[in-house]
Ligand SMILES: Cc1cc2nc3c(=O)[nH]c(=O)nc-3n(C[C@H](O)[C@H](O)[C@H](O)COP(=O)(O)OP(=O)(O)OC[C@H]3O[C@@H](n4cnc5c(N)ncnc54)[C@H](O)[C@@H]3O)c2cc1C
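Below you'll find only one chain, the form predicted on its own, shown as structure tokens.
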């Protein structure tokens, strides 16, 4: 009798897990259950001003291989595109200033460009340079990103450069994000070298003649990845519009309950946000309580379209970051029509404006038209826009950004121990656990599939 595995959740992690199971063991009966009508989770691409524009992530990082490998396997390598510009801006005291050259996740590795940028004061720039001479003062495990940057480079670097960048990626406060998980590149450099700057310079050394892009997108948006991945699965048993209501153990098997039926299976891959996983695992109370303790932030993204001639500020970059200290509702603006060459035309400017992060829920309290008006006022003031908004779209991502508090890795390890003890055969995957972003979710999906296959061999 063939074994059965159920994948709960049809985002990129669940789809990657499904594909891995199908590729490795095509004779296994695999079912995917997704609550919403469509697949893709936080990856969604829809039409805007005649283009396919992402409502969520519009790119993936290339420093790790998993998304690139999947694109290659799916035949998408010829559709990959890189940003047209590596320049970006940050708002300082109401004035846009170009980010200095030599930044690594917001950390300056070159002193002169930092001083010339006027992003921080001359004293703050010199304070950052002291990192080269300070003794090794690593405090041990569980340091936050903000704690690492403040002790090595000072408060202004943390507040004006690192927090706007890493905090924007995670919709979080870097003073409360685990450095080893939210910024492993920084944490590794700080551990292996006395100086953070020296460690980052060594990490980023490239052989002569190499200039691979840091980020890549797809010509038809990241939804192209989901559509191609789903097509590659063939006549798979994928059921959308099928919410799971609970998972329990019964006579050695796992039972997945939906509103219509109960399905017995040998293994489950639970690829949902942690707070949803907690609700489904109510019969494993210890794991459910730990899952519930993982905090999440919400973000609203408003896509705006203008006539390019109505935008006064030069759009010579990929976008702008807004530090917390500016006190604005806007947290970041991606200048999509300047960032992506396949969006560019001579008529329109398309911006993706973000609002909301951990500790700032103002955007959630506003209706769509109120949110658009508030963000439009801020963006128009910063970019000197004098003209009507041609089109707008609001995308709300509620509780979509897990916050990796210091010690998060130990919390996840404890959850996995609970599940092995009480719900053997159930495995977790997704952004809530071991890395956010498309590549990390693909890798977790693959790993959960391999773990499920290993478990099936023991039955």
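These figures come from a predicted structure and were not determined experimentally. Numbering follows the first chain given and starts at 1.
Below, we turn to the form predicted together with the named molecule, even though it does not appear here.
Novice: Taking the shortest heavy atom distance, is residue 273 within 4.5 Å of the named molecule in the predicted complex?
Specialist: Within the cut-off, so yes.
Novice: So in the predicted complex, does residue 242 come within 4.5 Å of the named molecule, heavy atom to heavy atom?
Specialist: Flag for residue 242 set to yes.
Novice: I'd like to know if residue 13 sits close to the named molecule in the predicted complex, meaning any non-hydrogen atom pair within 4.5 angstroms.
Specialist: The answer is yes: residue 13 has a heavy atom within 4.5 Å of the named molecule.
Novice: Under a 4.5 Å heavy atom criterion, is residue 58 part of the interface with the named molecule in the predicted complex?
Specialist: Result yes; residue 58 sits at the interface with the named molecule in the predicted complex.
Novice: Of the residues 400, 394, 49, 405, which one places a heavy atom within 4.5 Å of the named molecule in the predicted complex?
Specialist: After the contact test, the surviving option is 400.
Novice: Choose one stretch from 405-413, 418-426, 386-394, 35-43: the one whose residues place a heavy atom within 4.5 angstroms of the named molecule in the predicted complex.
Specialist: Contact criterion met by 35-43 only.
Novice: Going through 425-439, which residues have a heavy atom within 4.5 Å of the named molecule in the predicted complex? Please give them in sequence order.
Specialist: Counting only heavy atoms within 4.5 Å of the named molecule in the predicted complex, the contacting residues of 425-439 are 430, 431, 436, 437, 438, 439.
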